[in-house]
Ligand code: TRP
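One chain follows as structure tokens, the form predicted on its own.
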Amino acid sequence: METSLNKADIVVSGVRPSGKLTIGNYFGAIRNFVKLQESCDQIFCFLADIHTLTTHSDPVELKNSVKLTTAIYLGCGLDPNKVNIYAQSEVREISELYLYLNMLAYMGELEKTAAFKDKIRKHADNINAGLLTYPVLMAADVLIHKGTKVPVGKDQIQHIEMMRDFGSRFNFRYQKNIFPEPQPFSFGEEPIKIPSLGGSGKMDKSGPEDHAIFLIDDDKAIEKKIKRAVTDTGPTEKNSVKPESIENLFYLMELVSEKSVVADFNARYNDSTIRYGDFKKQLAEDMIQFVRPVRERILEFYHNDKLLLEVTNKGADAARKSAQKTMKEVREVMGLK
């Protein structure tokens, strides 16, 4: 896993569009991506609307999700003058390269991917070809720009390895070094996993809504969710070990509260004098103070259709220019010109 970047690197990252992005998405990915835009000159950040078709998204909902996710990115600090933000479907060359790479992908390797096995387990009534060839489309997303770095978590390493395999296979088949080998990129720190309000596991945008804090939640929703967060009956002895549900809430407090506040409640817990009502009230206030300005910026962008269109059109133009240059080379070596 690479941990360094230089100005010459071409960074490519995508997300399935969903307005239901949580503070987990912010701390785990978006915040670091904002830092990333200062490190290199070419960054392509796409909204993977074609990928969503594998689960037959509602057209109206999909369109709105693309809009809201774009607003979230901007509201969280992505600068469209430094990052090319675009909808995947606006760059038709991606679909063309996807088709060609499918000719070099083998059934056996696609069927063995962890993501495919997981998908068919969750969607047994919808095992379509798009799910099987999902890694090929992911490869096309990155190879189309000759991407060199892809910010991913550990669970996506297999897909990066497949990108390299498809690119190398193409280069070997046509005896031309068209595609570089993209490398997985991490920010040199342990991935942040934001815990669920449900008492265990991580905060998941597709899980129960009461267990997650969304970036567009209003103040009352945040207060209500934290008030209902799972706790226990409280410590019965001094310096008791915190159970997972309580440890999770303290972890959230460390992200949004002053250090002195966290220290005070830790001391109360260790002295067996903590009152969870007071603790949750403080956590809710601090979480609201953190989320509110982000939400307000997101909604400001969301209601500015003209600006959102300008941002995504600008990003798509840059992405198409990059993609067309690559596909000109691809068609030539394949004898398709």
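In this text the structure is predicted, and so the values were computed from the model without any measurement. Counting begins at 1, following the sequence as shown.
The discussion below concerns the form predicted together with ligand TRP, not included here.
Ligand TRP is not drawn, but in the predicted complex it has no heavy atom within 4.5 Å of Y26.
In the predicted complex, ligand TRP sits within 4.5 Å of a heavy atom belonging to Y134.
Residue contact with ligand TRP in the predicted complex: A48 places a heavy atom within 4.5 Å of it.
Of the heavy atoms in K20, none are within 4.5 Å of ligand TRP in the predicted complex.
For a residue to qualify, one of its non-hydrogen atoms must sit within 4.5 Å of ligand TRP in the predicted complex; none of D9, L36 and G147 qualifies. Stretch 156-164 is the contacting one of 257-265, 71-79, 222-230, 156-164, since its residues have non-hydrogen atoms within 4.5 Å of ligand TRP in the predicted complex.
For the options I213, I246, I194, V152, the one in contact with ligand TRP in the predicted complex, meaning a heavy atom within 4.5 Å, is V152.
Note on the partner interface in the predicted complex: the residue among L97, V91, I85, V142 having a heavy atom within 4.5 angstroms of ligand TRP is V142.
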